[in-house]
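There is one chain below, alone, in C-alpha cells, taken in the form predicted alone.
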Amino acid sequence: MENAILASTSTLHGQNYLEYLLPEITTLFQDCSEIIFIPFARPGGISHQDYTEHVQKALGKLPFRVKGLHEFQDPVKALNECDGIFTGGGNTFLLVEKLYRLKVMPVLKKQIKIGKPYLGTSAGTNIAGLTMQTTNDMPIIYPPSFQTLGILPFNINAHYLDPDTNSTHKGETRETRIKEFHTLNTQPVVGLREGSWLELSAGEIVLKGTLSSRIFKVDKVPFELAPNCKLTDLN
C-alpha cells in the first residue's frame, strides 16, 4: 500500500529548498536510516552529484542519510534494498528516458506499490501519473514511452497556473493545453498548484496544502477540489 508525498514543487517563493515540506518529509521517512535520491531530471548545468549534495544539505538535520542513485553500480539492487526514495524535479522527458534506459521504472513502481516511502517533487511527481503527457516540460530527449508509474489513476499537471485575466499574452493557457490533451486521451488531469501536494496513505489519495486543485475530465467543465478532499476514485 503506497506511502508517498507527491508535491507540485520543491521550493516556494521566499523559502529554501524543501522548506515547506520538511514536517511531511520527517514523518514520511521517520523509519528510514538511508534514502536514495534520483537526480536524473536535472539537465546540464548541475551534475547529479551536485544535485544530490543540494538535497543532502536541505535534509541534513533529519535523522537519515541521502545517497544519489548515480552512485550505485547496480541501481535496481539499490532501489530494492533502500529504506526510502526521493525523485527530484527538472525535466520530465529527461527523467523518464533515464529511468527506462536504466531499466528501473518497473522496480520503482513495485517498491512504491509495496509501501516503500516515496517523495516526488515536480518531475518526480509527474511520473506518478498514468503518463507523463501533461508535463509542462520541453521534449529535449525522446523517451521509449510516455507511460510512467501509474501509481495514480490520473495524470498530473505540476506547477499549474491559472489564466491571468490582466495579461495581454494571447498564447495558450495551461487549461487550454490540458483540454487539447483530452481531445485524444481520456484520463483525468489534476492541476496541482504550487504549495500543494498529494498524500498517499492507507489506500487513499488526499489533496494537502492550503490551495484547491483544478480537476479536468473529458467533456466535463473543469472544477475545483478543496484541500483535504480525496482523489482516490477520480476516473
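Rigid core: the largest C-alpha set superposing within 1.5 Å between the two forms. Numbers for residues come from their place in the sequence shown, where the first is 1. Since we're looking at a predicted model, the values are computed, not measured.
Beyond what is shown, the protein has a form predicted in complex with another copy of the chain; the following relates to that form.
Contact with another copy of the chain in the model of the complex, defined as a heavy atom within 4.5 Å, is made by all three of 45, 161 and 168. In the model of the complex, residue 177 approaches another copy of the chain with a heavy atom inside 4.5 Å.
Contact annotation: residue 194 falls within 4.5 Å of another copy of the chain in the model of the complex, judged by heavy atom distances. At the 4.5 Å threshold, heavy atoms of residue 185 reach another copy of the chain in the model of the complex. Looking at residue 212, you'd find every heavy atom of it more than 4.5 angstroms from another copy of the chain in the model of the complex. When you look in the model of the complex, the only residue of 82, 149, 104, 94 with a non-hydrogen atom within 4.5 Å of another copy of the chain is 94. Of the stretches 168-176, 52-60, 28-36, 198-206, only 168-176 has residues with a heavy atom within 4.5 Å of another copy of the chain in the model of the complex.
Along 1-34, residues 9, 11, 12, 13 each place a heavy atom within 4.5 Å of another copy of the chain in the model of the complex. Relative to the superposed core, residue 195 shifts its CA atom by less than 2 Å between this form and the one not shown.
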